[in-house]
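What follows is a single chain, given as structure tokens, in the form predicted on its own.
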Amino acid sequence: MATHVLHPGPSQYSYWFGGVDPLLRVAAGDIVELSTEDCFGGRVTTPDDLPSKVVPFGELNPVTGPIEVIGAEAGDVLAVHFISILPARSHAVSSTFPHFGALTSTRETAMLHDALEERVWFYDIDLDAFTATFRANRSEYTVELPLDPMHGTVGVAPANGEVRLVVTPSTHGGNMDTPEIRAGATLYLPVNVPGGMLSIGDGHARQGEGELCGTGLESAMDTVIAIDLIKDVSLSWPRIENDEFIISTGSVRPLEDAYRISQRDLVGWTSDLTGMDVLDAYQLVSQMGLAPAANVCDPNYTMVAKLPKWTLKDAQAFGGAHSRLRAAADAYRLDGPPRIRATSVARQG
């Protein structure tokens, strides 16, 4: 097991999944310490910097990568465990866009009413208290929000030589914007091309389910991941596992079809893990499943479907990959940088 460091310069960020040369080559079992820029590329530096004026659309959501995993081939599964995700600046930024978000007209949902006003909110980040301060633009209202750092955009190169802008989630992952991709979670992605070509970005210091206004608390991140490779296992859609849940995803429009995709995948996954037939698994998921919205603002919407792992008894997803990666994460924390070690202890407390 080797530890790599990946801190790209401004010209090294990517805006696509697919068609990009790797910045780093790693082996299964390796750990990567990496940095990511916020979705605005760090260009929104004051509340007066309107994103539509300072960030070209094609340069939103820069991602760090790709990371090539040696030996990964089409038909394998890439397991990415998030050891630590920490805001890299003392502030985070959120905004409304004129034609982006769930409660305004967009290019895909055309309306006659005027676009929303574009505004910017700055949040002070306090890593010691693990909070972010919300301040209303037009009143004195303030409230401390708990941090819940996550990555909104994680994915691999699509199949068949396709190149996708990072803002659109699909079967390769991408801009799913689910808060489930937080420290302690393992993300499973289908490998479509040699090396997989993993990229990560769009850090949020926290985000509500659905990402209603189209932005979370957008933040540059210092992130540590452990990577594993599961050979000869097919996967149609990204899946997530943490200590409590197995989680399926679906990204498409309309929202009800994203819901159906995630639920169908969870039912099939449950059937495979327990040996039950599909209708028995359907019944169990119907009674114990959860269905948070991940995003209802991107070019494709994303839904997730969750099932508590205790209902699966002793079944282990992907041969116990999550448990192996958790053990690797624990070993890294014991020897890792003091800031990561201290934050891990604070989170557990």
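Residues carry their position along the shown sequence, with the first being 1. Bear in mind that the values here come from a model prediction, so they are computed numbers and not experimental data.
Just so you know, the form predicted in complex with a further copy of the same chain exists too; it's not on screen, but the next bit is about it.
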Item to check | Contact of Thr178 with a further copy of the same chain in the model of the complex (heavy atom, 4.5 Å) | outcome: no
Checklist entry - Do Ile261 and a further copy of the same chain share at least one heavy atom pair within 4.5 Å in the model of the complex? => result yes
Next on the checklist: Residue-level contact is defined here as any heavy atom of the residue lying within 4.5 Å of a further copy of the same chain in the model of the complex; does Phe318 satisfy this criterion?
Outcome noted: no
Next on the checklist: Considering non-hydrogen atoms and a 4.5 Å limit, does a further copy of the same chain approach Ser234 in the model of the complex?
Outcome noted: no
Checklist outcome for this item: The listed residue (Asp272, Glu256, Glu244, Asp126) that reaches within 4.5 Å of a further copy of the same chain in the model of the complex by any heavy atom is Glu256
Checklist entry - So which stretch, 283 to 291, 66 to 74, 319 to 327, 30 to 38, is the one near a further copy of the same chain in the model of the complex (non-hydrogen atoms, 4.5 Å)? => result 283 to 291
Item to check | Residues of stretch 201 to 223 in contact with a further copy of the same chain in the model of the complex (4.5 Å, non-hydrogen atom) | outcome: Arg206, Gln207, Gly208, Glu209, Gly210, Glu211, Leu212, Cys213, Thr215, Gly216, Leu217
